[in-house]
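The form predicted alone is given below as one chain in structure tokens.
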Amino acid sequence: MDRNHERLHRDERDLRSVGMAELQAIYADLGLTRAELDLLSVPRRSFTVSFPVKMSSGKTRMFTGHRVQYSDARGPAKGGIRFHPEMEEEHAAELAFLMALKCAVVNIPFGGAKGGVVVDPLQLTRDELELVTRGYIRAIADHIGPFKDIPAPDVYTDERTMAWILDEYERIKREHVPAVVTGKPPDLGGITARRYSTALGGAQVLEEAMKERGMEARGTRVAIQGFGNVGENVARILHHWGFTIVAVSDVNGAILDPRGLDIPALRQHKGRTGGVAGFPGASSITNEQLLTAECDVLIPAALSYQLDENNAGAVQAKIVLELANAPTTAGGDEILFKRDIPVIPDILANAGGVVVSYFEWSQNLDGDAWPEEKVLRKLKHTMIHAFNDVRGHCREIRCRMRTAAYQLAVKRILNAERLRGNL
């Protein structure tokens, strides 16, 4: 198996969240009724489609796609489309519910959805990927729309994929409907800031958490596991704000420089070599060593299940910012909580992407084009407000931030159902 395929299978495995298991304890703490539990336990809609695609060989191949709309009580369903050979309806349902929770945490008017096509995208040509995308959209076109379900990029889909989705949907509807999908190229109604919004939203809530501890950017040392889109962007942003980035890693290893890495030069180095290894002046360390390196802020921005009962006791950071999906196990979370190391949970920390997706949807509905300054200002307002909501609830019930975030989200979803007369 080559490196690209190793990455593809690792991406799917590491995106499997532990959040659903944690929710069982949340439900017990909230004392939910049987009716409330029943309402939360199953998606509102879930369907599987099969569609033919004529491949470049001239042969027709059948593909299977899934889409799960878990909740739409707070607004249209919202969630990504992924292309992956292990795409499963059950997994899509779990991720759709977690998306509903994430939207509720940051208090934007969306529910949760997820879906995609069972396919190995690395085995297809560009033209075949386009045909598969268009075939999938034709199969689900009646079930999506700006007031029904709004797709977005996910694993192995991107701006280009969203452009194909938009074009195919508009061909079917015979009208312009830019708000049907987010994460589009800016020239088709997308927002440039969407490309780094997850990292920026995380950086904004980190600043708020630091204020509580009397920490300032200058002199704060940061270690970042992962130097992909999110990790690289958060390194760029924090370096620009005056933070000292002492360690970063990618799939091939990690580097450390206690004096601080030159992030612009490192980004150039990555562009030339394809990775962070061998950066002049930095020492080579392992990804495991990065997690326990001497720093003030630790940012897992790559893989799931990295901080666990085996290494959480050795973490030296004062704050953990989860930009990856589920980077901390339940055992690791418990250890960090007992050590008074606050963990800003993924459901809040990496929500900047869906917040800016909401802005994109809003501007498309209005036929407007928001300047980037407006997007960034509103993102900061939304993320800080969400952080304060979670932190306030955390203090009120004296729990860790993860518990507070889940409780807030569940309460907001159930309240919307109650107002609709469903409870």
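The first residue of the sequence shown is number 1, and the count goes up from there. Note that this is a predicted model, so its numbers are computed, not measured.
Omitted here: the form predicted in complex with ligand GLU. The next part is about that form.
In the predicted bound form, at least one heavy atom of Gly79 sits within 4.5 Å of ligand GLU.
Remark: Asp333 does not count among the residues lining ligand GLU in the predicted bound form, judged by a heavy atom distance of 4.5 Å or less. By the criterion of a heavy atom within 4.5 Å, Asp154 is counted among the residues contacting ligand GLU in the predicted bound form. Although the partner is absent here, Val354 lies within 4.5 Å of ligand GLU in the predicted bound form, judged by heavy atoms. By the 4.5 Å heavy atom rule, the three marked residues Met99, Lys114 and Arg194 all count as contacting ligand GLU in the predicted bound form. With the partner omitted here, the stretch from 277-285, 127-135, 166-174, 146-154 that lies within 4.5 Å of ligand GLU by heavy atoms in the predicted bound form is 146-154. Contacts between stretch 173-189 and ligand GLU, counted in the predicted bound form as any heavy atom lying within 4.5 Å, involve Thr182 alone.
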